[in-house]
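In the block that follows, a single chain appears as structure tokens, in the form predicted on its own.
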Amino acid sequence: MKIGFYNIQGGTGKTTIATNIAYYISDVVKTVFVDCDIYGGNSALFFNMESTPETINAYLNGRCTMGEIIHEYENLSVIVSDPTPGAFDTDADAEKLVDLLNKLEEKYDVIILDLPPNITEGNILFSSEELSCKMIVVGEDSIPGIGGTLKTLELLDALDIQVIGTIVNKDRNIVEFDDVIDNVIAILPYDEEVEEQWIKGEPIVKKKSHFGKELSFFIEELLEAYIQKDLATLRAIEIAKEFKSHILEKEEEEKKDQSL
């Protein structure tokens, strides 16, 4: 299953939340984090992989294979984007990127996607290929932030992309967002310690900060109410398909034996 984190506005904290969620759930299910922001992604800083040449950009430009760009961070598999200005030389092939994600789905239980904050050509949301991704919108507690979140939700609805819900990040009691945004699934506080994780390269869910605690509580709820339930359903469907295929094969063999 694929879960994307998105907002048309940048700076809402999508990468912080997506990386921490991916890291946390990797202890429970086989998970890969993919930085899909090929021009402006900064997940390489979070995972201390700034100098890693095997990035999603290198894959899109044909310099690396899928296996070469998958790195390991403890239990989590990671595909980072190029954090240098060289990223602008990347061929924004949305179809090739979606094809990569579909191949990863054969190997991993959960794919966490950090999506670029734009609606420009090359964004995988507008690929002609089927993305089959459910979204979590990450909004910011500010008047422009809530406005951007509402536009994001409207866009995803127009694209017929399922939204799990909205996380309101950096909450400082600025906006009464409950009155304007439906299905708020988490409210995460503004926390200065979030910046430290980018300096130390250590997920904030490891720390007992206010933000880290609240995010951990949300992830546990997400695992119990959504991820594990959906994975169980998917596995049941796969078993049913395998059983049906086995029955059909057996019937075909019986028909051949009868014809002889």
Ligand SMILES: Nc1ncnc2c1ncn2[C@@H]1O[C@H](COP(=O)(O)OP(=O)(O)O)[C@@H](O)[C@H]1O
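Counting begins at 1, following the sequence as shown. Keep in mind that what you see is a predicted model, and the values were worked out from it rather than measured.
Below, we turn to the form predicted together with this ligand, even though it does not appear here.
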{"item": "All of T15, N42 and K170 within 4.5 Å of this ligand in the predicted complex, heavy atom check", "value": "yes"}
{"item": "Partner-facing stretch of 23-31, 61-69, 195-203, 48-56, counted where any non-hydrogen atom is within 4.5 angstroms of this ligand in the predicted complex", "value": "195-203"}
{"item": "Heavy atom of D191 within 4.5 Å of this ligand in the predicted complex", "value": "yes"}
{"item": "Those residues of 89-104 which, in the predicted complex, come within 4.5 Å of this ligand by heavy atom", "value": "none"}
